[in-house]
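One chain follows as structure tokens, the form predicted alone.
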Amino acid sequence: MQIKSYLKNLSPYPPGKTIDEIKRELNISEKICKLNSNENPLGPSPKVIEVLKNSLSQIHYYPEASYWKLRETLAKMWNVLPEQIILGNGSNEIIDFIFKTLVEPDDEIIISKPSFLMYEKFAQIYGAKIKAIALTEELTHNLDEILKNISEKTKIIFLDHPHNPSGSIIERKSWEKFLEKVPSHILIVIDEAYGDFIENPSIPLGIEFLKRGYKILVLRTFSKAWGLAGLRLGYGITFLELSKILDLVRQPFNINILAYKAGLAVLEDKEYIEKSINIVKEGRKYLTEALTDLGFKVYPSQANFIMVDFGERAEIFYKELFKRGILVRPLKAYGFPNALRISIGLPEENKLLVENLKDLLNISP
């Protein structure tokens, strides 16, 4: 048996620890404060819970293969054709479809370094070459350097926006200048997993540029603001020529029936999604100000997390918070050994984090 040579150095994606894993590791039964995986702190929508209860008796059936109602609902939300929507088992699966469709071994993709690790993982799986471009000093995508590194072999440029793990965004003028210079044979993937949390109304979304005719695929997920991380549901929006091919490489029934029903239900719960977004915006502001007051550098974020520079004490803080049942994400794997990424939690969780950091700093209330 001959394993593909380019898979020999493939390492697994490092997921955030789950609550059950932490309880086993720490041998505790107390509540865990989970601020490590950018999940929705509110839990699922009540409408989702209700529809899932009512759908359990149907799980012996296959779902509708076209998922037409969900695609139609999303199309109306974004004012595109249902045929432009491609559904995936999480937005990760859409990335897989892109590689299956466009990338041959030895083709190139361009990513920022760091960014969402799965872009690199899929490139390794499909034997593509990776050009990793360092971020700017402000921890934003370095669009000028990306343009300089485009070659005839370049097939895809991945841009997570807001960026993970910094939470940074790109201004409109920078987007427009960049898009005008990218050759038309290259697909630009704008990953908006955290796009719902952008507070600045002047920051454009990828859908705007797709409608203006650029070769773009916008990635969206139900895992963050929409509270369905455990059901794995994501989608892409792109031009018809590409969406038709992506749908051909999609396996039948790739979305399970519960994820499909839950997606429809949460899209109807306007109150829930508004509350989800507001709690992040308010918590992001609170944590940014509180941690800045403690003397830490907090990078400006438009996502549902903040990246904080704790200096040489980052690992100590991570381990001590972990012992106390407060989970945050170390960023050593992203190239920031002195930083931690903190997901925005409920108000009481955010306050608990700050109080414990004060305690670790020996600061009295």
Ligand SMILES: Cc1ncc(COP(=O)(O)O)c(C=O)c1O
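Since the structure is predicted, the reported quantities are computational estimates derived from the model, not experimental observations. Residue numbers run from 1 along the displayed sequence.
Just so it is clear, the following notes concern the form predicted together with the named molecule, a form of the same protein that is not shown.
Partner proximity in the predicted bound form, defined as non-hydrogen atoms within 4.5 angstroms of the named molecule, places exactly one of 215-223, 236-244, 263-271, 166-174 at the interface: 215-223. The contact residue chosen from Ala123, Val189, Ile86, Ala193 relative to the named molecule in the predicted bound form is Ala193, the criterion being a non-hydrogen atom within 4.5 angstroms.
Though the named molecule is absent from this view, in the predicted bound form it lies within 4.5 Å of a heavy atom of just one residue from Arg250, Lys129, Arg71, Arg232, which is Arg232. Residue contact with the named molecule in the predicted bound form: Tyr119 places a heavy atom within 4.5 Å of it. Residue contact with the named molecule in the predicted bound form: Asn92 places a heavy atom within 4.5 Å of it.
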